[in-house]
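Just one chain is shown here, as structure tokens, and it is the form predicted alone.
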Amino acid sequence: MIRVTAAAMLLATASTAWAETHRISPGEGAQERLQEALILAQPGDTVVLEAGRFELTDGLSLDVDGVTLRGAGMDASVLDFTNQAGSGEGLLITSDHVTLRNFAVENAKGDGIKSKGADQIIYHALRVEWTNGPDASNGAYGIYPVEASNILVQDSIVRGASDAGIYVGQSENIIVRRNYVYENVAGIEIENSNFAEVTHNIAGRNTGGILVFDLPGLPKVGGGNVVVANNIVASNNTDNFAPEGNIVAAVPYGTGVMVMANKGVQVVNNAFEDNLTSHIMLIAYIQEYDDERYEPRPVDVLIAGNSYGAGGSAPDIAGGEMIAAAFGGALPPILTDGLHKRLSIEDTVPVISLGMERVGQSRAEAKPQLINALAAADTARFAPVTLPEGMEARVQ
């Protein structure tokens, strides 16, 4: 055992000592030179994007562990996929311990940056944008880690995604913090994932600001233990531009935070303003499914310490105008379909229930009412998500 440990330490030291820096400049042949550098890089290497606009005609990929891809800044080094021939990602990562930082991806035909099965990945100070603004022809996801553990997404900007700006799916141990997401269908979405912190972000001018979902039929089902805290969630009133058939195509414009079919979610210490449907919405999954593992209702949700500005004055739900009128011209800050299981609200704000009695019931049968007596949620305050030692040091 001592020999193995010593050998591992020696290998790590050697890898650092032999690490190389590959500098790639924009201009003629940049596509080939950059992809070649990503293929030939060794663990510990850094591929540097020099300042300028890289006009690319195909997607890029990286499958080498321990590589850093670094630019001169999110407005200085730009990977421009406007003329991308295929419909895939702009950049696809399938290796572990990768750091992506300080560059931009524009106008990818598919997702902006996707990582699949890539553990200990860092997305830092990136900009992913579809420069034409909200459009159904834009790629689905801006920053898109999936099927992984130990994920950090921070200090980044995403605009124009036709599904979600920042999406983390089927993963665990996740931190999404200090990002600015705007003019996406969903600003930030945590789906079928566990142990996630979504904190200190600004989600504005999306269709829905922050979504916490769980869906049936996926390899990983049973998402939960998600904290949504200290975010600014404002003016998420962009018309829904998701392609028809996408699950987020059903998200009403004017949604601040939506929790659907997730367990152990905390929505705490956020600032809400000018979300025209509802600042916080709790709903059950209403489509048919055949998955015995699946719980379609929100369970054990805690809402506490939030501040609520104006909102709810033009709800994008069936009968929304009449329901708002019945409550003095605007819905209360929190809306539930009534199917939640154990909801604890420590904020002294009114809650409106649509009075649904069974999963799958048509919302046209809603019986809106104010509710006050709420069963306490069996939801403890979670310990902070801790990433592996040394991971965050890669961007310090």
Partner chain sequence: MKSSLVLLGCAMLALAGSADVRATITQELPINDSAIMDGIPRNLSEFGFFQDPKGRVPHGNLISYELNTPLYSDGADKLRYVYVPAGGRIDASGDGLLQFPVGSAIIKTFAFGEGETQRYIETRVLLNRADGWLALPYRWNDDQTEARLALAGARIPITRPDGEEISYRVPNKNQCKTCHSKNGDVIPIGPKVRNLPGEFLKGLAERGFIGTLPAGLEQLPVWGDDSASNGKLARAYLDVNCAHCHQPGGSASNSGLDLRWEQGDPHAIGIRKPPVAAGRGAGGHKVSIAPGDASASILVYRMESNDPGVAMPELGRSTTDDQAVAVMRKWIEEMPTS
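These figures come from a predicted structure and were not determined experimentally. Positions refer to the first chain, counted from 1.
Below: the form predicted together with the partner chain, not depicted.
A.B. asks: Which residue, Ser61, Thr68, Gln361, Ser344, is the contact with the partner chain in the predicted complex, using a 4.5 Å heavy atom cutoff?
C.D. replies: When the partner chain is considered in the predicted complex, the option within 4.5 Å is Ser61.
A.B. asks: I need to confirm a contact call. Of Gly133, Gly305, Pro243, Gly309, which residue comes within 4.5 Å of the partner chain in the predicted complex, counting heavy atoms only?
C.D. replies: Only one option qualifies, and that one is Pro243.
A.B. asks: Even though the partner isn't displayed, in the predicted complex is Asn237 close enough to the partner chain, meaning a heavy atom within 4.5 Å?
C.D. replies: Answer no; every heavy atom of Asn237 is more than 4.5 Å from the partner chain in the predicted complex.
A.B. asks: So in the predicted complex, does any heavy atom of Asn194 sit within 4.5 Å of the partner chain?
C.D. replies: Looking in the predicted complex, residue contacts with the partner chain do not include Asn194, since no heavy atom lies within 4.5 Å.
A.B. asks: Quick check on Asn138: any heavy atom within 4.5 Å of the partner chain in the predicted complex?
C.D. replies: Looking in the predicted complex, residue contacts with the partner chain include Asn138, since a heavy atom lies within 4.5 Å.
A.B. asks: Is Gly88 part of the interface with the partner chain in the predicted complex - any heavy atom within 4.5 Å?
C.D. replies: Close contact exists here: in the predicted complex, Gly88 approaches the partner chain to within 4.5 Å, heavy atoms only.
A.B. asks: Indicate whether the candidate residues Leu92, Lys109 and Gln287 are all in contact with the partner chain in the predicted complex, with contact defined as any heavy atom within 4.5 Å.
C.D. replies: Yes, the whole trio is in contact, each within 4.5 Å by some heavy atom.
A.B. asks: Tell me which stretch of 323 to 331, 344 to 352, 29 to 37, 45 to 53 has a heavy atom within 4.5 angstroms of the partner chain in the predicted complex.
C.D. replies: Single hit among the candidates: 29 to 37.
A.B. asks: What residues in 166 to 203 sit within 4.5 Å of the partner chain in the predicted complex, counting heavy atoms only?
C.D. replies: Tyr167, Gln170, Glu191, in sequence order.
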